[in-house]
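Given as structure tokens, the chain that follows is alone and in the form predicted on its own.
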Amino acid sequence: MSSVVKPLLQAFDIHKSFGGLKALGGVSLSLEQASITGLIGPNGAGKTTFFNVLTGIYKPDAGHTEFRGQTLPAGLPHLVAARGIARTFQNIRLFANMTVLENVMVGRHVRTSAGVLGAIFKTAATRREEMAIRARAHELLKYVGIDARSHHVAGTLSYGDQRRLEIARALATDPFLLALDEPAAGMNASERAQLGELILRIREDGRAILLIEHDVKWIMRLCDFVTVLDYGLCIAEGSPLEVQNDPRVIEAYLGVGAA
């Protein structure tokens, strides 16, 4: 008898309001392992709010999320990260005055075990762990294609390389799910193509990716599944082809004839 494989993540009927503004009116989502899911919709549709709920920055007013078979802690981003969900933000949030390597090493803190005393007295175990963290950071910088800049100050990188650095730092937490909030925003066509190749590689290595992006054509080429939000509600979900041909999506987001 074959067993049913449960989704990696399931969000159930998520509601979130800010004062009198209802940002999410009951959004549900299912994510499969080793897949890329796009989350699209007009400005103000609730995409980033939904991201912030999933990653623990916001506590939902109602609903819950299950990840790897367990309910995620609501409103506790450090615990969500420890469970295996990492994210990037619309606005780049690097430590601009630290080196590229140091930025990735910081991201590794959720997988370290050295306590305060170990850090103060630099015990042998702490030194070994520090060496392992440094080595892993170099591996990740090579993975995203910027290891040659490991000792550069992060703020001096090009925009596209700063985005790659953010992804490397997120990967340093060893996530099962990587949530990317508009990672291609501000990129030129060449940078966007390179980013797409990196995202496909991350999926091929077994991670799931949840992706917000306004470049609809890029999303449709890249994703296995697409979910569309409008006014805080899910109006369509399915394969890119199914979504592109959904009349509600054409009306709300893509524009008549865009499919």
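The structure presented is a predicted model; accordingly, all values stated were derived computationally and were not measured. Numbering starts at 1 and runs along the sequence shown.
What comes next is about the form predicted together with a small molecule, which does not appear here.
A.B. asks: Is L21 part of the interface with the small molecule in the predicted bound form - any heavy atom within 4.5 Å?
C.D. replies: Yes.
A.B. asks: W218 near the small molecule in the predicted bound form, any heavy atom under 4.5 Å?
C.D. replies: Heavy-atom contact with the small molecule at 4.5 Å: absent for W218.
A.B. asks: Taking the small molecule as it sits in the predicted bound form, is P60 near enough to touch it, meaning that at least one heavy atom pair lies within 4.5 angstroms?
C.D. replies: Answer no; every heavy atom of P60 is more than 4.5 Å from the small molecule in the predicted bound form.
A.B. asks: State yes or no: in the predicted bound form, is some non-hydrogen atom of T48 no more than 4.5 angstroms from a non-hydrogen atom of the small molecule?
C.D. replies: Yes, T48 sits close enough to the small molecule in the predicted bound form that at least one of its heavy atoms falls within 4.5 Å.
A.B. asks: Among 36 to 44, 62 to 70, 193 to 201, 220 to 228, which stretch has residues with heavy atoms no more than 4.5 Å from the small molecule in the predicted bound form?
C.D. replies: That would be stretch 36 to 44.
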